[in-house]
Ligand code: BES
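What follows is a single chain, given as structure tokens, in the form predicted alone.
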Amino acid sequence: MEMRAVSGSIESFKCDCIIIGVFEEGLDPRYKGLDQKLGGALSSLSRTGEFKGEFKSAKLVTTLGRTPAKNVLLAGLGKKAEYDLEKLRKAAGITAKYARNLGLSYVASNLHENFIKDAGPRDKAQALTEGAALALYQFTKYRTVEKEKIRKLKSLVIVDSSGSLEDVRKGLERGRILSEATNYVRTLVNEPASIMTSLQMEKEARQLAAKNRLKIRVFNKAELEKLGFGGLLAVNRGSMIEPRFIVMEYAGGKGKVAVVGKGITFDSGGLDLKPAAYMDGMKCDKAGACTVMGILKAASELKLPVHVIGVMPVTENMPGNMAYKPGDVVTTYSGKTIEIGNTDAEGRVILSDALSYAEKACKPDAIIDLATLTGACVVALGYSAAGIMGTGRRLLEGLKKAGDETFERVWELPFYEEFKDAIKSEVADVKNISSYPKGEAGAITAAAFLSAFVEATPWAHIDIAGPAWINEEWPYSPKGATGYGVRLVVRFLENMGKG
């Protein structure tokens, strides 16, 4: 979809549809002229109660040739006092999908011109762009029947009458970059496991590195064996497809952050096989690694003044005849040993190598890992927030702030020393499942396990098992992969660069 910004009056713009915002308090006086041209059609909707401006509502009014635009789409914004950037983002998404689903091709919007406290035209234009571009994402690659009926919005123009066109265009460009990076992640995650294998992940990473001028190093199985990546190799043993360990680097400035992503391309559970109902969506288990690639894409295109290293261990977890088994003891890259208590707790096993490598080989100032790690975190927080734990207070607070700013929210869970006792092993250094009999505090004990592989570097673990994948459509997220984490971490990196 083409997106651009122009100066002018929205009611004078010629297109299939113009989108304007309406609060519950009534039609804004600046649309009085437009309402008069339409014979009072807009104000009468409010008087009759047919359209009350409630948040998430929308109403199409046909102009019958009385204005250059063929239609006016009213976007309900709710109460003025409660309106913020996230509601703008959602309203932009809802109306963009509404227009697309009607078969409209060319629309214009000025939703960014409605007042939001402490938000200027650049931030509002960015939110509008994100909401529309993210909402219009569709994964239709494998559709063959009636594919011609799939509707697409071809162009969305932001029309600015405030005299802030330069700022609006900057906000649009930032929103475009972040949305494209997020949608890129969605596509990688949505790809079937038969397609997006570890070898295809390598290919995608190399293509991204070449296009965005990123450094890249990929370790194959022979190299991993030589270097002692015992965790990744153990999980890979049940698969016929070799693992890959991908390291990508964007050196845009000072302040080095390693971003580690779990890359399980499909998780059967291994010998501790998952029930069928839980296996269906396991192509999503690579979301952490895919998100790291999206973060590097966005950071490089935004030219952030930071140094980012992406670290991605990639394999599938399968129950082949060489699969690792409960009771096995695995020696990791760090030299520490893991007793395998359950082969379905494989994500933390491959991350043990990745975290140690990030700390020892990359020597960053901070480490952030993103992983669809535990169903326990979904039980605790649902799908609207990720769990966060770690050892760097400034790092954790910075990520929480970035989450609030982008609405990719994180919620800090307690991370007491006592939780580390639960992952102690009698035969190895740690065990990959806790000693709690019913799996209590599962998200926290998983993080406690990971902490054993980060010795001194400030570290934050983000369990994205909930928000990485949704089973119902949201205002600017379709069903399936959400791309959660790109805007969150990029905002953190941006804030860090400013500091």
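These numbers come from a predicted model, not from an experiment. All residue numbers are counted from 1 along the displayed sequence.
Here the subject shifts to the form predicted together with the named molecule, a form of this protein not shown in this document.
- For the options 373, 423, 96, 224, the residue carrying a heavy atom within 4.5 angstroms of the named molecule in the predicted bound form is 373.
- Checking 160, 353, 267, 408 against the named molecule in the predicted bound form, a heavy atom within 4.5 Å turns up for just one residue: 267.
- None of the heavy atoms of residue 301 is located within 4.5 Å of the named molecule in the predicted bound form.
- The shortest heavy atom separation between residue 69 and the named molecule in the predicted bound form exceeds 4.5 Å.
- Residue contact with the named molecule in the predicted bound form: residue 152 places no heavy atom within 4.5 Å of it.
- Although the partner is absent from this view, residue 342 contacts the named molecule in the predicted bound form, with a non-hydrogen atom inside 4.5 angstroms.
- Not one of 136, 188 and 293 comes within 4.5 Å of the named molecule in the predicted bound form, counting any heavy atom.
- The candidate stretches are 71-79, 344-352, 414-422, 161-169, and the one lying within 4.5 Å of the named molecule in the predicted bound form by heavy atoms is 344-352.
- Contact residues in stretch 241-276 (any heavy atom within 4.5 Å of the named molecule, taken in the predicted bound form) are 262, 267, 274.
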